[in-house]
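The chain that follows stands alone, in the form predicted on its own, written as structure tokens.
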Amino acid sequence: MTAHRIIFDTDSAVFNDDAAALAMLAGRPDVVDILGVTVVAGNYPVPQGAEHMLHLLELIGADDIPLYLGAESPLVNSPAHAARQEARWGPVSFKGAFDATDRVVPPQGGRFAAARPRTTGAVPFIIDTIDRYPHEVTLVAVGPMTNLARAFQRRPDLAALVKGLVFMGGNARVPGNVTPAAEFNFWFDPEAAHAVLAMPIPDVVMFGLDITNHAPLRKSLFDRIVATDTPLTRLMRHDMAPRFEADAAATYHVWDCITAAWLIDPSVVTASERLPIAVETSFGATYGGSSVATAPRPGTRTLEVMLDLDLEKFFRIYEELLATPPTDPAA
């Protein structure tokens, strides 16, 4: 079987979902060929997010995978825009990079990774890679879609040359997680999500809150994974243990990891439906939300929306790949 060529477009994390998903994919090079990692603002500003992802790649012995810096701000949304939204329509529970400072701190362990970002930017890399491998590259977007929107703005013809888009973001029939209407990735840059989903990409698969809400990580599995002492599980413990130590009944959502598991083994998803998804870009209480369109709307397209999963199979893949990293530098 030929490995799927992917570009991993991420807004980064210390570990929880973006970094864990990248570790999972890097652990299966027989299935997934990661051509590059592109970083976008979302959870973190791009400089800090890049350091977290470079650190992760170094820990798992995959620092030969190139990393590219991308869009540092959304197409329209901004800290001031978010403040106006909160003032008029109520709290936004997580604003990610909008609440961050410009200071870049070393990742866990107190030092920066030896590998550095490439001098080429994320958008030129995306364009050049799709041109090099027409109809072969799957875009895996697990953060706001600003990098992809900017690539398609420069080259609208590029969409037809992509093999497909698999993304974590949005919500179809369930509430949002940062406002009652909106999921974070879509809320941070709804204009980018709207623009990308309007492009004629041949195959688009959505992992929204409808499926990711179904797989909370609990302390029992966390404890079992971190009982295997590796650089990767130390990072997992560093990032996630404080919540479980404070509350043994706490849970983590591992959003992007479900996307990664499906790329490795599509049978992990047990229910999906083709639905017309609309993204709300009008400034208001539902800004950044998404929903099933009930009437034709410009820019709305039908996506494969993932709805449920085999929990046992998912967590088996999750545990196997995170408890046993592909390369353990401490071994």
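Everything quoted here is computed from the prediction, not taken from an experiment. All residue numbers are counted from 1 along the displayed sequence.
The same protein also exists as the form predicted in complex with ligand RIB; that form is not shown, yet it is the one meant from here on.
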Is there a non-hydrogen atom of A192 within 4.5 angstroms of a non-hydrogen atom of ligand RIB in the predicted bound form?
no
T230: heavy atom within 4.5 Å of ligand RIB in the predicted bound form?
no
Would you classify A151 as touching ligand RIB in the predicted bound form, given a 4.5 Å non-hydrogen atom cut-off?
no
Even though ligand RIB is not shown here, does T129 get within 4.5 Å of it in the predicted bound form, heavy atoms only?
no
Location of ligand RIB contact in the predicted bound form, chosen stretch of 243-251, 194-202, 112-120, 176-184 [non-hydrogen atom, 4.5 Å]
176-184
Residues in 254-271 close to ligand RIB in the predicted bound form, defined by a heavy atom within 4.5 Å, in order
W255, D256
